[in-house]
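One chain is shown next in C-alpha cells, namely the form predicted alone.
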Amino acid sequence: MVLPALAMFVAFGVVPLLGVLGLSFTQWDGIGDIHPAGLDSWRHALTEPGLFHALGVTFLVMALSWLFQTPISLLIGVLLASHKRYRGFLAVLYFIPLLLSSAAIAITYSALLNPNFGLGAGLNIPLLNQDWLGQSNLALCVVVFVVSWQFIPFHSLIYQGGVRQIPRSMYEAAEIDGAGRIGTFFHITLPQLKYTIITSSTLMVVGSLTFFDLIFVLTSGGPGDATRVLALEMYQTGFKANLMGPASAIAVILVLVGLGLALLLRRIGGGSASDSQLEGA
C-alpha cells in the first residue's frame, strides 16, 4: 500500500511542484516558447510591491478566519458529541456547505449583500443595507465570514470525532470529584483535544493560503486591492499580465509559506500528532 501511495504523491505532488519551480527560472507568456531567465522572474516577483501587500492580506485573512472558526467549531463539536440522538442527522446537515462550490457560495452572498437588491433592501433593515463589498474593512470581514461559514461545519465534525475519543472514565472521575461542566471542559476536554486542535488549525492555516475562487468571484480582490490575497496575486500575474515566470515564483513562495507554517504548528504542539491520546496509552 505504501508504494502506490508514494507513486501517487510523486506523480501529483512532487512532479508538478518541480515543474513550477523550473518555470520560476524561465520567461514565458503562456503561449510562445519558454526561455531560461535565471533569477529574473524571482527578482521581478520580489520587487513587486503588490506581492508583500498580498502576503499581508493573506496573513490577515488567515489569522481572522482562524480566530473566528476555532472557538465556534470547538464549541459546536463538543455540543454535537454530547447529543447522540440527532448526531447522524446533524452530521449530514453540517456537511451541506462543503458540498456547495465556492463559486456558488460567493455568487449567493454577493446577491444577498447587494445594497440595492439584497437582503437588507428586501427586508428594509438599515443595519444590513450597507455597501458590504464596496468598503475595504467590510469586504475583508465579509470574506472572513463567508470562508468561516463554509468551513466551520467541517472543523466541527473533526472536533466532534476528537471529543468522542476521550475516555468516559475521565468524565466519570471528574463528576465524582465534583467538577462542573465548565471545569470539565477546561481541565479534561480541552487538554485532550490538543492534537485535534493542532490538526484543525493546520488545515485552517494552510488551507487559507489556497483561497482563490471564492474571493475571485466575491470581490475580485477589491475594493482596490483590499482583499487581494497571494493566490489571487499569482493568478493576476500569470493569466492577466501573462508573466508565468513570476507567477510560478509566487506559487513556490506559497508552498514554502504553507510548509513553514505547518512545521511551526507541529513544533508548537510538541511531540507527534500521531501519539495516542487514549487513557493509559
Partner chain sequence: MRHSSTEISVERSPISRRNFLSLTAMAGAGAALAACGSSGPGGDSNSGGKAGTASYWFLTGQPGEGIRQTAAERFNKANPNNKLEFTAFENDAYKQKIKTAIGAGQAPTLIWGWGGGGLKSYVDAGQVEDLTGWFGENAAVKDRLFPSSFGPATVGGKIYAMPCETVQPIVLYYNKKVFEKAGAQPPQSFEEMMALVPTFKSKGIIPYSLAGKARWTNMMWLEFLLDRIGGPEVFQSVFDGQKDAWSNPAVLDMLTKIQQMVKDGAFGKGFSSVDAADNADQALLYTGKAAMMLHGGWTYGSMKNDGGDFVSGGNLGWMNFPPVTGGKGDPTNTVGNPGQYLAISSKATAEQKETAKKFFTSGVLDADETKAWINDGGSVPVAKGTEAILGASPDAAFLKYVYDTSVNAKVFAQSWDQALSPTAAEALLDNIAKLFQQQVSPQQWVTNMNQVIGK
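Residue numbers count along the first chain shown, from 1. As the structure is a prediction and not an experimental result, all values here were calculated from the model.
Omitted from view is the form predicted in complex with its partner chain, to which the following refers.
When contacts are defined as a non-hydrogen atom within 4.5 Å, all of Phe117, Ser136 and Thr219 contact its partner chain in the model of the complex. When contacts are judged by a 4.5 Å heavy atom cut-off, Tyr235 counts as touching its partner chain in the model of the complex.
Remark: Phe52 does not count among the residues lining its partner chain in the model of the complex, judged by a heavy atom distance of 4.5 Å or less. Contact check for Ala241: a non-hydrogen atom falls within 4.5 Å of its partner chain in the model of the complex.
Of the heavy atoms in Asp131, some are within 4.5 Å of its partner chain in the model of the complex. Partner proximity in the model of the complex, defined as non-hydrogen atoms within 4.5 angstroms of its partner chain, places exactly one of 168-176, 69-77, 187-195, 94-102 at the interface: 94-102.
Interface residue among Ala231, Ala226, Val252, Ala37, judged by heavy atoms within 4.5 Å of its partner chain in the model of the complex: Ala226.
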